[in-house]
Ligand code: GLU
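In structure tokens, the next block holds one chain alone, the form predicted on its own.
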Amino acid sequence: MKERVRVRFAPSPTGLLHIGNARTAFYNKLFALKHKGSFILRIEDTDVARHDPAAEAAIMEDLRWLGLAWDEGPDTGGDHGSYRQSERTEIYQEHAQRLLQGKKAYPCYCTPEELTQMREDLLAKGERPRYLGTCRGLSAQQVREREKEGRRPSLRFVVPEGATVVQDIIHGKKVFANNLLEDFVIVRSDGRPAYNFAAVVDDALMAITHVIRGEDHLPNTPRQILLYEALGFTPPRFAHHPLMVAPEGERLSKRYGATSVRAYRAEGFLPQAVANYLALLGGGISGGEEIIIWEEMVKRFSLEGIARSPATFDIGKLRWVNRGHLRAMSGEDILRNARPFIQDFPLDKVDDRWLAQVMDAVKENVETLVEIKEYLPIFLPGEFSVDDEARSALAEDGAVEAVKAMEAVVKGLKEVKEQDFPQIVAELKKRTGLKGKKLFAPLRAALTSRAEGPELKNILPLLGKQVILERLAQALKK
């Protein structure tokens, strides 16, 4: 690829970052990294009524959390700013005038009511609802009459005859009949640019080489190509990836799990796991291991590999990927990510080294960071209590003997180390004649208050001799 790749992600700040939009941003970032290009963030905030500054800040924060830092953008600057559409009004006006002067656009004085009536009349006749070009050939006298009425015109683009071809990297060649596009609005009556017009001007002036976005934008593409050509710009290459859908093929909604990146953060998913899962969706990553880091994702990614069929979102697979990343992480790294989820526990008397060891001990048993809260009480003396399930295990035949034997063995140790666990088990078997579940179930119940959880060999050293004996005595007492 000879040209320097420049791609962009251009969200509208009207709400939180949707997981589907995050996937689009991720594809753009991967493509930029793959080709040593630039990833640009542009804020499309011309919808004044719905613009939310808090949403803009949240989108940028969530992109950074995912590892999708940008090379140019509203806060970082660059040679092609401003990177907020609301600050580019004069640029749009200048290019709109170029089209108007070249007779490639014209003012439209139709009111919203007239446009609605036009479409209703066409529907009543069984025809396709569309704009009929009413204002395309207005005389100077007709223009003066409408302006005298106080009408504020929008600006419509003159769609030429013929057809427009879109060569899409994912979908291949698509041909659109121009007579189905109708003369579309490029500047609204209040002076704000319409989406297609602003996007074309921005992408051209920001030297965007590839537009990678969801296939719901594919119908916009022929209009944008016509605008590129009318303005004398070379269109970028387009790649429209299929959207994500729920397991039954329906639109992804809250019914199938959280839909915003912020919600997945709150549920305890790791940023690298979310990124990993998004990369796997839709076939953009060539075959091989599925639990992969950024460098491997970049190496194996290609736009051409993305399937044309919708990508089915599977929360179970996301949890599996998250679990894989947790298992591969050190206790220190897990602790760094888990702090927001364990801050309500009394941790002021324990050090980070011990906490990191706890993270190592529980990582095989959790799929998300939130689930760590379920196991943390095992290791905190003040948080421990024997529940009903544990009481049942302690009521089984041989349970008391197992607990007493453990008490005797631990009392004989100077300290409890992980490497001593095989010898501890051998001695317990010798003293009780028990093995397997008969031996370990009551010990787990007495020491952890639950039937399942981290391996005892990992738990014992973290509890320490004194706490182990206290819990064994408590279990025997009850």
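Each residue number is its position in the shown sequence, starting from 1. What you see is a predicted model, and the numbers here were worked out from it, not measured in a lab.
The form predicted in complex with this ligand exists for this protein as well; it is not shown, and the discussion that follows is about that form.
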- The listed residue (217, 151, 336, 84) that reaches within 4.5 Å of this ligand in the predicted complex by any heavy atom is 217
- Query: Since exactly one of 195, 301, 375, 313 fits, which has a heavy atom within 4.5 Å of this ligand in the predicted complex?
  - Reply: 195
- Query: If contact means any heavy atom within 4.5 Å, which of 121-129, 209-217, 153-161, 95-103 contacts this ligand in the predicted complex?
  - Reply: 209-217
- Check whether residue 20 has any heavy atom within 4.5 Å of a heavy atom of this ligand in the predicted complex, and answer yes or no. no
- Message: So in the predicted complex, is this ligand close enough to residue 62 to count as touching (4.5 Å, heavy atoms)?
- Response: no
- Message: I'd like to know whether residue 454 contacts this ligand in the predicted complex, with contact meaning heavy atoms within 4.5 angstroms.
- Response: no
- Mark residue 10 yes when one of its heavy atoms lies within 4.5 Å of a heavy atom of this ligand in the predicted complex, and no otherwise. yes
- Let me know which residues along 22-51 have a heavy atom within 4.5 Å of this ligand in the predicted complex, or say none if there are none. 44
